[in-house]
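Given as structure tokens, the chain that follows is alone and in the form predicted alone.
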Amino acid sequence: MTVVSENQKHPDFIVYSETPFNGNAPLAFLVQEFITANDVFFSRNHGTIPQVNKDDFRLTVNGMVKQQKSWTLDELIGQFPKVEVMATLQCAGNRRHELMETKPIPNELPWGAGAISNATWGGVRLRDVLIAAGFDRKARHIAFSSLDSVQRQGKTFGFGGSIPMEKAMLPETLLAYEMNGEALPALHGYPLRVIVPGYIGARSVKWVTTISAQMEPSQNYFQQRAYKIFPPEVGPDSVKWEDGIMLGENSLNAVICYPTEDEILATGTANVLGYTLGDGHHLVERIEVSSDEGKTWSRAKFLSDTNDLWAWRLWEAEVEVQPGTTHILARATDTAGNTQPEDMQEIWNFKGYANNAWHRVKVQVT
């Protein structure tokens, strides 16, 4: 991992790989603003960053539709009403590094807790486009194909994935052409991307060029193999890919952004800052923080009144810390009473996905 200046990103952006380009902002950046600026928004890619000429771009809708249809970007903007949705996107591998410390996870990026960001997205509702194409009500899945170029298993193809029809028809699911009031940056999907609030970032396909209504999930490698989760006892040598669960909804999570790992704190009261994200079905109700290995907990306060299903909440808390090495812990509870698992070993998986165990940060207190 290196820290470099990339032409679309802040100079302090942390880059995990140059090609494909993957990285995120330092954790302390994430809690500075409720809306994440474009130049510090995390970036997850599997292949090339296509440079698309808007005049040459076409979005095609095919599959189980009355008639295959296509639109230019200007036609989409002119034909369908614009809507805005605030939504937090999160890589399925966010917090993978902690799982790697429990047990090795080879051939995967060692994401910390920064592969997450929040933005306001502007675009058209996916359901409006599907209705205009006359989709068949018997279709069960909507699949997306991208303009990028990915190489896997000796083949070259575009990134792809799918979501259930029920999610595709909800008003929050967008075909977005704006990010925080600006045209999508090339790195984030220009000229058009899918936004699927409440789902892992991999389902919000960038540079989308083809949408297909169909009976089965996408056959793309990244739907059928890459973004699947398995029980802790399954490994790369014993895996049966057809038995994996295709990842969809996010998991309830809370993360400490400050202090950071091995931060030196003074004895006494310590200020703790972080973010929390719900599962897309229930609102986050409570954040608790502990500095004595979970014996006692202090309730955090949210930094804004904004609370919806699709966006994160930022929070802060105060805890008492004593001299020596200690851990600060955080956990979330939602309105249905769901909370995070304590033991990371229970959720370990050989792909390193969906880590939502209690977040722990080791600090040095002087």
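Numbering starts at 1 and runs along the sequence shown. Computed from a prediction, not measured in an experiment: that's the story for all the values here.
Another form exists, predicted in complex with a small molecule; not displayed. Remarks below refer to it.
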Partner-facing stretch of 229-237, 76-84, 262-270, 142-150, counted where any non-hydrogen atom is within 4.5 angstroms of the small molecule in the predicted complex: 142-150
All three of 113, 357 and 359 touching the small molecule in the predicted complex at 4.5 Å, heavy atom to heavy atom? no
Using a 4.5 Å heavy atom cut-off, which residue among 187, 129, 109, 100 comes into contact with the small molecule in the predicted complex? 187
Candidate from 207, 71, 135, 177 lying within 4.5 Å of the small molecule in the predicted complex - any heavy atom: 207
Contact test in the predicted complex: residue 340 vs the small molecule, heavy atoms, 4.5 Å: no
Using 4.5 Å between non-hydrogen atoms, is residue 193 touching the small molecule in the predicted complex? yes
Would residue 254 count as touching the small molecule in the predicted complex under a 4.5 Å heavy atom rule? no
Given that the small molecule is not shown alongside this chain, does residue 41 nevertheless sit within 4.5 Å of it in the predicted complex, heavy atom to heavy atom? yes
